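To begin, one chain is listed below as structure tokens, in the form predicted alone.
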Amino acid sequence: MTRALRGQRLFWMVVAVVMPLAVVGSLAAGRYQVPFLNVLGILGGKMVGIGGAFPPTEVSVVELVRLPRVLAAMLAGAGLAIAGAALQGVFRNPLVGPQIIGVSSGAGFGGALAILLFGSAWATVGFAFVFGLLAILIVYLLSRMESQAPILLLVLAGVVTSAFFSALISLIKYVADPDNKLPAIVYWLMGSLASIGWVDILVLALPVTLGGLLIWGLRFRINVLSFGDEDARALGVHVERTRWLILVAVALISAAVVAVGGIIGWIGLVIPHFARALVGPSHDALLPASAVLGALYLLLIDDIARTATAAEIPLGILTALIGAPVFAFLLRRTYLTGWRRD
């Protein structure tokens, strides 16, 4: 057995132990404490009909409040991490994340516009999703040169699209009612899973699952694309079609996450680095490892957000406070060391 395979086997053994503990611990933690064993009993009674009688309040807290939130955090974290890993492979650049194609800003503008005009949760989800997909369409139209879309032009189109929608978000903040609409818009944009329900899980799960399965189906083509466009074409890969399929999948995932939880950054940029260090660069191992680490990471961040202080901390603040220094450390360790050696 090679060293890489041994490392992957050890990784999944650790995940098999840590993941259930993290889920049950998250269901138990909060301002209203639910004993660890009671959580296990409630879950056991729900799934297989095993368990005793528990206080109705504990059952309601676990089943109706915390379980949807835990599932949403894991779905969002896994989706963003998969999207980041796929983009880094396609663009052959470890500094790329889902925000590069402007979909987060587009979805953020859609949600902010819905809050301003309607104040409805359904309208917020719908508008965020539609404008997130509109952002990728704009990137597509801006980046087309004859029959191809060069990588640099794709990145520049994403930056331009993101800047445009960010300006529109600022305009919405400017005209919003400062006593009512503006606080709701600002808080939503900072990211939160506080109001997640079972309907939101459905809205999040379908696009994340579809986008994730599409990326997983293209994993070997992503491996080939990471060697360069010329090599990929020589091996029979339709570069433009594959790249756009992946971008659409990333847009689908990112728009769904923003629609349900607001803008949650840095996960798609940082998590794939840790997954790559643990299981290697091949995407057949990297994608599932990124999904698991992303799910665990956002679950932990959400636990901190709702338990660290009396008032819940927005997720976007925590992911930036943790992600930016970690990424700076990785950047210094990886690239500056490489430059010195050269």
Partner chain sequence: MSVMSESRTALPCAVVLAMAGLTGVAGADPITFTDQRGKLIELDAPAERVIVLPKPIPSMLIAVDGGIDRLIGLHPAAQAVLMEGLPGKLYPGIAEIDTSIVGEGFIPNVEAMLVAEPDVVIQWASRPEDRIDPMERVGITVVGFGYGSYEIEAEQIEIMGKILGREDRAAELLEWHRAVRENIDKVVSGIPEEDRTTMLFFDRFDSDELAVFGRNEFFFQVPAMRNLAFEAGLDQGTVTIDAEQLLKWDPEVILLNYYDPEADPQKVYDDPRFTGLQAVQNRRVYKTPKLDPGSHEAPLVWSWLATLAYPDAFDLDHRAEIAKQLEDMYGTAPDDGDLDSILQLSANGDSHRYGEHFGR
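Note that the structure is a prediction, hence the values are computed from the model and not measured. Positions refer to the first chain, counted from 1. We call the rigid core whatever largest set of C-alpha positions still superposes within 1.5 Å between the two forms.
What comes next is about the form predicted in complex with its partner chain, which is not displayed.
Heavy atoms of Leu133 never reach within 4.5 Å of its partner chain in the predicted bound form, leaving it off the interface. Within this chain, Val61 lines the site of its partner chain in the predicted bound form, having a heavy atom no more than 4.5 Å away. Mapping the unseen interface onto this chain, Leu210 falls outside it, with no heavy atom inside 4.5 Å of its partner chain in the predicted bound form. A residue is said to contact a partner when one of its heavy atoms sits within 4.5 Å of a partner heavy atom; Tyr174 meets this definition for its partner chain in the predicted bound form.
Considering its partner chain in the predicted bound form, the lone stretch of 175 to 183, 99 to 107, 73 to 81, 154 to 162 in range is 175 to 183 [heavy atom distance within 4.5 Å]. A single residue from the set Ile201, Ile138, Ala194, Leu168 has any heavy atom within 4.5 angstroms of its partner chain in the predicted bound form; that residue is Ala194. Residues Ala29, Gly30, Arg31 are the ones in 13 to 31 with at least one heavy atom within 4.5 Å of its partner chain in the predicted bound form, listed in sequence order. Comparing the forms between the shown form and the other one, the C-alpha position of Ile82 differs by less than 2 angstroms, with the core used for superposition. A movement of the C-alpha atom of Leu204 falling short of 2 angstroms is seen between the shown form and the other one when the two forms are aligned on their rigid core.
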